[in-house]
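The data below hold one chain only, encoded as structure tokens and taken in the form predicted on its own.
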Amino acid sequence: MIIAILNNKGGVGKTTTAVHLAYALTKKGKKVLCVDIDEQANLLLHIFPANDVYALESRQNGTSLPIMTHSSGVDVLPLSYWKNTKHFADTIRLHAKGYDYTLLDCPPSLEARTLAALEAATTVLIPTQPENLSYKGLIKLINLCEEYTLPVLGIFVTLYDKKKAAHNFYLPEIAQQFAGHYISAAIPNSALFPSASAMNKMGHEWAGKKANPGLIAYDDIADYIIKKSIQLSAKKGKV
């Protein structure tokens, strides 16, 4: 399963989702590859030292760079500094063959890199904030998935703040209007994620044994993905 983590709005938690779903799936015994295709290299900068990440640009040539492995066991394919987007889809598919799940951290716009990710993907996962503009953009994203004949694996809420009236209004609206795709595990707004990123760690590593609602939610989404992939495989086998 190659999952494009998609939203053309920035700041909705695509990178945080890629990192923490990868970790959660890995700890459940799955072999996971993350692919950073955003020129900003946010996924790489989240879990690797900045100097190591910036050095990749000078090493970039006409081919993709080798896979990097984080201390947590998560593998990352760095495509951030590779300009040859016409070969992205084939490169992603080639590397994905060795993994149970490949998570594509897409840029915050519908540019050539995002379209290449959609070409490579087998399904799409949409994180969204429970706010007006994010809510209104969901239809466009679903229509885009239909253009690429890609099933929507799920839609879930990120950066949820129960103290905000808008969040309390739009969360149930999203759940109702997109009931066929909605994943009920909302990710709360938490200082854990930026704190972990500052230390190049996963949130799970930063929290240690202390329970955290955001990490529990990502674990729940990982369980959802595993269950959904089994269902899709069974359905495909019957066709």
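Start at 1 and count along the sequence shown; that's the residue number. All values derive from a computational prediction rather than experimental measurement.
This next part talks about the form predicted together with a small molecule, which is not shown.
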Looking at the small molecule in the predicted bound form, is some heavy atom of each of 12, 108 and 159 within 4.5 Å of it?
-> yes
The small molecule contact in the predicted bound form: residue 42, any heavy atom under 4.5 Å | yes
Is residue 49 close enough to touch the small molecule in the predicted bound form, meaning at least one heavy atom pair within 4.5 Å?
-> no
At the 4.5 Å heavy atom threshold, is residue 189 in contact with the small molecule in the predicted bound form?
-> yes
Is there any non-hydrogen atom of residue 213 lying within 4.5 Å of the small molecule in the predicted bound form?
-> no
Where does the small molecule sit in the predicted bound form: which of 201 to 209, 168 to 176, 61 to 69, 33 to 41, heavy atoms within 4.5 Å?
-> 33 to 41
